[in-house]
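Just one chain is shown here, as structure tokens, and it is the form predicted on its own.
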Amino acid sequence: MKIMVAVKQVAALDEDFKIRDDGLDVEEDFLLYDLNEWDDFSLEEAMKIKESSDSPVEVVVVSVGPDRVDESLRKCLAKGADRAIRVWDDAMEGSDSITVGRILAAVAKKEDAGMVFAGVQSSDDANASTGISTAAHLDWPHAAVVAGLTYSPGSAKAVLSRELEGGLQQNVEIACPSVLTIQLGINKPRYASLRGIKQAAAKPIESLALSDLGLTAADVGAGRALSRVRRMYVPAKGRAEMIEGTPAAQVAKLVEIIKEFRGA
């Protein structure tokens, strides 16, 4: 059986940064890249299933992105993933989370995956939609914000608990194969050992292009995206003022500020 884990290399801002001239993103030189935190928990959950199974389980990590994504994929290999696949084609530039779900679904079909795990969301865009989009394109059942999972490889069903709003939890039985988006705290991700890091450095990272997945340029990219960034900017900073004096003086000052704000 094969568990496919979708992972993403996310961007974080350096202390100093500059918005690109087109106003759509930050200049890449000011971005720091790392493996998405939620995906670390997804990988660990797949590894736990593999290690507790009596039957063979292959854990395959997949990411959509350019060459720099290899660094994050090697982190996954160092933690025990069996294989790593990076999907990229210049036509994919500008793809939104829904389109990335289409790409991941094509990889899952090609790999004949038995389950697909993804993080609930990414720390940069936080759309929480890639895993759900993948399930839709596969026409598989899905469950989001999974905080507990009981699953035996090859089983027709999995039992899981989901986090809901207001601190509630929901216990669910889901048909498999399915797509699960994994929440933080479901497990304790392992550290990569020195041996694992050395082995990961020698492992190949497979590359797939559109033609390998039966997709065309018309299926991906900004032209296919259902959402796009219109403008990125640093918001204007507000101002705060401490009102001192007696309670009566503070009230009088507050009334004055309100009247000024309202233009009275």
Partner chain sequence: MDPRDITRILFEDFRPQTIYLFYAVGYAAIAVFLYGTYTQIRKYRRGKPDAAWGELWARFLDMAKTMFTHRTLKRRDPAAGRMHSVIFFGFVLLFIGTSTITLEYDILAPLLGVRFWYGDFYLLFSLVMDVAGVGLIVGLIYMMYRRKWLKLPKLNYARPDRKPGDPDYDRTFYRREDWAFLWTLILIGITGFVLEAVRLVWLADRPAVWDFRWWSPVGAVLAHIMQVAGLTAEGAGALRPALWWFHGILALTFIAFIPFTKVKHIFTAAASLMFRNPMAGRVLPRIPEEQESAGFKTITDFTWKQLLNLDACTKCGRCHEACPANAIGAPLSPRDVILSLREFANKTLNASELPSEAELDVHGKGPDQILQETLWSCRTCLACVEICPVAVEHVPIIVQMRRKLVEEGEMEPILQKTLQTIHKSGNSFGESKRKRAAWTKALPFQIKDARKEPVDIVWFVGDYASFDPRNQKVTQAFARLMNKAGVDFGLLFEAEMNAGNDVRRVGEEGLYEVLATSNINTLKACEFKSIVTTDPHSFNTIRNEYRHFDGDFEIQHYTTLVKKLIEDGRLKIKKKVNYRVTFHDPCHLGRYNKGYDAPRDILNLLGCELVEMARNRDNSFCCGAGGGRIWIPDTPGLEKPSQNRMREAGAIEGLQVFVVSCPKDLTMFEDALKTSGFEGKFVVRELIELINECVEDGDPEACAPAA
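If you're wondering where the values come from, they're calculated on a predicted model, not measured in any experiment. Residue numbers count along the first chain shown, from 1.
The following text describes the form predicted together with its partner chain, which does not appear among the structures shown.
**Q** Going by a heavy atom distance of 4.5 Å, is Pro141 a contact of its partner chain in the predicted bound form?
**A** Although its partner chain is absent here, Pro141 would stay clear of it in the predicted bound form, with no heavy atoms inside 4.5 Å.
**Q** Just to confirm, Asp29 within 4.5 Å of its partner chain in the predicted bound form by heavy atoms?
**A** Residue-level check for Asp29: yes, a contact with its partner chain.
**Q** Would you please decide whether Arg190 lies within 4.5 angstroms of its partner chain in the predicted bound form, comparing each non-hydrogen atom pair?
**A** Contact check for Arg190: yes, within 4.5 Å of its partner chain in the predicted bound form.
**Q** Hey, in the predicted bound form, does Glu37 get a heavy atom within 4.5 angstroms of its partner chain?
**A** Contact with its partner chain, yes.
**Q** Specify the contacting stretch among 235 to 243, 198 to 206, 52 to 60, 212 to 220, defined as having any heavy atom within 4.5 Å of its partner chain in the predicted bound form.
**A** Every other range fails; the passing one is 198 to 206.
**Q** Taking its partner chain in the predicted bound form as the reference, which of Ala175, Ala126, Val159, Leu194 has a non-hydrogen atom within 4.5 Å?
**A** None of the other options qualify; the answer is Leu194.
**Q** Is the CA-CA spacing of Ser123 and Leu194 tighter or wider in the predicted bound form than here, given a 3 Å or more change?
**A** The answer is closer, because the C-alphas of Ser123 and Leu194 approach each other in the predicted bound form by 3 Å or more.
**Q** Please say whether the CA atoms of Ser193 and Leu32 come closer or move farther apart in the predicted bound form, knowing the change relative to this form is 3 Å or more.
**A** It is closer: in the predicted bound form, the C-alpha atoms of Ser193 and Leu32 lie at least 3 Å nearer than they do here.
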